[in-house]
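A lone chain, given as structure tokens: the form predicted on its own.
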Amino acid sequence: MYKKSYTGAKKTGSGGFGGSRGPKKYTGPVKKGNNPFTFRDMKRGAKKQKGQLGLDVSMFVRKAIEKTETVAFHPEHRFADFHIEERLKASIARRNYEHPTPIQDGAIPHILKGRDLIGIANTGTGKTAAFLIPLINKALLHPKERAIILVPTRELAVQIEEEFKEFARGMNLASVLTIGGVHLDKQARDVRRSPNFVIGTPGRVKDLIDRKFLMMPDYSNVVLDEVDRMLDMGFVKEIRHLLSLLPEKRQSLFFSATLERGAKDLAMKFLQDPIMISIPSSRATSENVDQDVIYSESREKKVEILHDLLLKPEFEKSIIFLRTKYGAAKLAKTLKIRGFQADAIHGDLSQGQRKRALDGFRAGKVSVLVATDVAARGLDIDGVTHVINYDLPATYEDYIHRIGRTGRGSKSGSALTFIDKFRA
């Protein structure tokens, strides 16, 4: 429990402090307007912290670059140039899409030709449209075509289905979302109607197959999105099993941020003469993200430092990452008690609870989202001003994906990483 050292605040029945006035300023060891954690402190503690998780703390410190000389991307195509159905072109135009992103420009022509493909590009580069547009076009031309899209998390599956519905609006194409946290029976009924697209996570898709509701030989198109993440999460056996059930004659598309050995071996086994489209990243992390570290002397002080940070007006929309589901739930509860508009997202919540948390965060009803790494990849949430690594990530790659939730597009963002001296 935190120390009750807040002034002028009375606990209310709803768990907040001071009624509608919101959280109060902490008046303990951290002085107002004074940051006790200096760059010199960070350098001094880097070696000690480096051994904890094999991460070099100095990698978490980088100033955002305001201006940089880059080579302008000149797409070879416009969306209007692609050989796709006019209804699909009109849908794309309604969304004010004129020029494709690099991964879309490189991948769509080959997918339209029926080629197997490996697409290597970071999150937020338009990978979803790169495979949805040509697969929707195939379904329009050949109504019996079926596609299955496998992703690592429920949230990414929901996001892809929302994109599908936008592109395919009014085209009489059906999709089914097959994810955990939702009752199986309705998904089973919907899948048995042979929808054009099944979008889901490997575990729930396997459940539907095992119960004879989903017949994989009916699906001649397969997409694996965020392949590296699915392998990191331990889905390799499920994926190999699911792919082995697909018809031999099929189109297979793999998309990933990286192509490590496990993903490469999987791709080479199940893809036929694939073409690789790789979009290089000019920097290891977003140049729009200002990165720094904060040292904490104890668990109690760590919460108070976070409290003070979230009171600052520039922290309009923050995601706080923790390693465990229990830790995320506990911190979200603590912040709610302190009067913050906070919610949590982690694997122990039902899909309805996770969706409500994300919807509230997107709409601005929730200003602080406390999350595990389930929210670190694929989610595109507009206007995130800060990412706070309350717990260190397991790997530097996880760090990159976490901070990629802010500073998206041309916007700037900030990332702060707590370094626990009491754990050293």
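What you see is a predicted model, and the numbers here were worked out from it, not measured in a lab. All residue numbers refer to positions in the sequence shown, first residue = 1.
The same protein also has a form predicted together with ligand AMP, omitted here; what follows describes it.
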Looking in the predicted bound form, is ligand AMP within 4.5 Å of a heavy atom from each of 95, 128 and 163? yes
Among 171 to 179, 143 to 151, 95 to 103, 241 to 249, which stretch has residues whose heavy atoms lie within 4.5 Å of ligand AMP in the predicted bound form? 95 to 103
From the list 194, 351, 123, 296, which entry has a heavy atom within 4.5 Å of ligand AMP in the predicted bound form? 123
I need to confirm a contact call. Of 255, 79, 219, 340, which residue comes within 4.5 Å of ligand AMP in the predicted bound form, counting heavy atoms only? 79
In the predicted bound form, is there a heavy atom of ligand AMP that lies within 4.5 Å of any heavy atom of residue 380, even though the partner is absent here? yes
At a 4.5 angstroms cut-off on non-hydrogen atoms, which residues of 222 to 246 are near ligand AMP in the predicted bound form? List them in order. none
